[in-house]
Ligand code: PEP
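Next up: a single chain in structure tokens, the form predicted on its own.
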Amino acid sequence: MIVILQPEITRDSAEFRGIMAYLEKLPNIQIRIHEELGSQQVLTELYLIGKTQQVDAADVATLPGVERVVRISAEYRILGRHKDEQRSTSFEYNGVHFGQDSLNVFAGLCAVDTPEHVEQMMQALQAHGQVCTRMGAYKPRTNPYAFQGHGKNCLPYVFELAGKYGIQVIAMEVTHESHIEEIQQALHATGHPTGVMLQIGTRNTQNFELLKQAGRQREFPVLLKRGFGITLEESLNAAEYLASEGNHKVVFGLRGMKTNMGDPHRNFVDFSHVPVVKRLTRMPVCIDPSHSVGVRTYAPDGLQDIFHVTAQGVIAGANMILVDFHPDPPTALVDGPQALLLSELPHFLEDVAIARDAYLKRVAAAQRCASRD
């Protein structure tokens, strides 16, 4: 059960104390306090955990300071919709809007290799009006002898170059809580020229201690990728770990499922789940066509498979695209065969815009049909 307080109710108000006094008397109930920090006010939500079936929602709703009470059934109680469409489905970070109504492209290096390549990538993004990118500093690899990323050593120049070229948000994978601290320290040392969205990869989707640490910090939003060998519900519950620790700025990433049913692609493309995740939760949904397809191949129509699956995700309503580019893919230290060329960036962005326009037209047509019913 979620008790949503009126916007003006704060922790030091008489109404808040009265609500807490009432709820604390309820047997077998624990209370978690969550605060949503908006641009102009703080919204407080109380999560009741335990035998909430015995709690009279109508009585709670009449308490002074309570706006409404929501009973929940899904396990992902914070991020889920629960038939309560009024709650926000978006957040702002470093000047960039993330929500189920937006679309942001994060094109960049799967793994940072040289300062020169980082600068070429960011320069190309700026030239085409892009303010987001991906830059891999920490790389979990299946082979223990493969390149593991430059780690904290590359952070200063990555952040400084981002500031130079107007990049506002960098998606960057972390595999250990110490990486979050290193990112914080590097941003502080360079004067916070950019922002970072922490990325938790598919291998760490059920690394619950990492999820807790990423959830306890409120500075960075988090992109959580779906686990490649678990159910969608298990992955959504992994996202709930982040929110349950206090960080509600979560984006859910679809990156393909590990199965030979996807052959010859690297993974089985799961972008049909874009509208499913948006229906079940309030999270924006990201697609990762590079790791889904895994190779630069062309269809007879002249379009690469990566372009085709990207369009499939966007036309289904995706809100973020995480895609690999590289100035010189043959020299890339990680996933070079799937990286697009910088010369292909304008075509890729144009193709995304075409698919996005088609999605918006589909939504408008659905609204017109609904208004006639």
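Everything numeric in this text was worked out from a predicted model, so none of it was measured. From 1 onward, residues are counted along the sequence shown.
The same protein also exists as the form predicted in complex with the named molecule; that form is not shown, yet it is the one meant from here on.
- Residues within 4.5 angstroms of the named molecule in the predicted bound form, judged by any non-hydrogen atom, belong to 193 to 201 and to none of the other stretches in 180 to 188, 193 to 201, 98 to 106, 244 to 252.
- With the partner omitted here, the residue from H273, K152, R81, K139 that has a non-hydrogen atom within 4.5 angstroms of the named molecule in the predicted bound form is K139.
- Using a 4.5 angstroms threshold between heavy atoms, L322 counts as touching the named molecule in the predicted bound form.
- In the predicted bound form, no heavy atom of C132 sits within 4.5 Å of the named molecule.
- When the named molecule is considered in the predicted bound form, R282 lies well away from it, no heavy atom lying within 4.5 Å.
- The shortest heavy atom separation between C110 and the named molecule in the predicted bound form is within 4.5 Å.
- Heavy atoms closer than or equal to 4.5 Å to the named molecule in the predicted bound form belong, across 275 to 300, to the residues D288, H291, ordered by sequence position.
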